[in-house]
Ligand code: IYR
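In the form predicted alone, a lone chain appears below as structure tokens.
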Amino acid sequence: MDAHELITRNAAEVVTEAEIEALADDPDGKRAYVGYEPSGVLHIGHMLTANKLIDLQEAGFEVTVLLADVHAYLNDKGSFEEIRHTAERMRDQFIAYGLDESNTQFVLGSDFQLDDDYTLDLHALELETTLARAERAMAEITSSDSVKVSQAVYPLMQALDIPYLGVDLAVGGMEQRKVHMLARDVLPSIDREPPTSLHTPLIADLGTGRGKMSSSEGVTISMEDSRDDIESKVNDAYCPPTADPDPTEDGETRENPVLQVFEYHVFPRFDTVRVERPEEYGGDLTYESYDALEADLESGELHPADAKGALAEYLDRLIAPGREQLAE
């Protein structure tokens, strides 16, 4: 793959395409970042954006991982001492998962977000932003019914982090889109460049195929899961024999989360995927691309149960190094 293909692989959206093309023309030394609230254990949502960071490193980018301790504090996730301890654990898990340690800078938000210049710039953004706009940007991130003042400031800090970290590309899931659009609108008011951003897809709930997979609701997969845990969760997953399931009776859109995990987690990390089957059912199948696996599921050549067995195997391979690091 060339740099542009690596940068945009499995991206749901880039803003803007022209800016991405300019980065792809000369990616060496460019810097991308993702910010994470320290939450203890990496789950499949963290791993999706981490896969993109690995792509970007392969394309020539340097990577910054913001372990957003101040953001976590504002979002009522514990004391600073507790949050910073959690941040250290997450750092080690990201390295175990596959980020190139020599090409990854881990930064605590408190390393710069409490400085005078940052605080004054944050106040300047507050003067430029209505409360309603800040609430809209935060709506996809917080699960609370009522927004606290601290949470309204949260997206403005996310916007300001981008120039203070000196990055060329902001990466996040689609739930971060409103924050990045807010940043493009408000940063020029303090003479900062609007950021280029890349958004990864959201994976549907594993059990139902509806909405998005969440670590706080429904079923998710994390680095704490044993091989048996992974097999149990994948075996119970919603997996019709199609990539385009029918909507629910209420008209709610559904996806096939098993295929989504293959596409966004497995195939970016493995050159080939082998599905083991008894000879009486046709023997093993080997795939070099996601499209080929999807086509066989659609045609009936690949049974959903066999697809799930392979998915559990490859997810376990991805998670095992992090699980071992946690055990240590």
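Please read all numbers here as calculations on a predicted model, not as lab measurements. In this text, residue numbers run from 1 along the sequence as written.
Below, we refer to the form predicted in complex with the named molecule, which is not included among the displayed structures.
Chemist: Taking the pose of the named molecule in the predicted bound form and superimposing the surrounding C-alphas onto this chain, would you call the site open or blocked (blocked if 3 or more ligand atoms come within 2.4 Å of backbone or C-beta atoms)?
Modeler: Here the site is open.
Chemist: Looking at the named molecule in the predicted bound form, is some heavy atom of each of Lys30, Ala50 and Asp168 within 4.5 Å of it?
Modeler: Contact check failed for every one of Lys30, Ala50 and Asp168.
Chemist: In the predicted bound form, is there a heavy atom of the named molecule that lies within 4.5 Å of any heavy atom of Gly35, even though the partner is absent here?
Modeler: Contact check for Gly35: yes, within 4.5 Å of the named molecule in the predicted bound form.
Chemist: Please tell me whether any heavy atom belonging to Thr200 falls inside 4.5 Å of a heavy atom of the named molecule, as the geometry stands in the predicted bound form.
Modeler: Outside the cut-off, so no.
Chemist: Any of the heavy atoms of Tyr154 lying within 4.5 Å of the named molecule in the predicted bound form?
Modeler: It does: once the named molecule is placed as it appears in the predicted bound form, Tyr154 has a heavy atom within 4.5 Å of it.
Chemist: Classify Gln176 as contacting or not contacting the named molecule in the predicted bound form by the rule of any non-hydrogen atom within 4.5 angstroms, answering yes or no.
Modeler: Yes, Gln176 sits close enough to the named molecule in the predicted bound form that at least one of its heavy atoms falls within 4.5 Å.
Chemist: Quick check for you: of 36-44, 258-266, 299-307, 282-290, which stretch puts a non-hydrogen atom within 4.5 Å of the named molecule in the predicted bound form?
Modeler: So the stretch in question is 36-44.
Chemist: Just one of Leu66, Ala59, Val275, Val63 has a heavy atom within 4.5 Å of the named molecule in the predicted bound form. Which one?
Modeler: Contact residue from the list: Leu66.
Chemist: Note which of Gln158, Ser222, Gln93, Thr196 lies within 4.5 Å of the named molecule in the predicted bound form, where distance is taken over heavy atoms; exactly one does.
Modeler: Only one option qualifies, and that one is Gln158.
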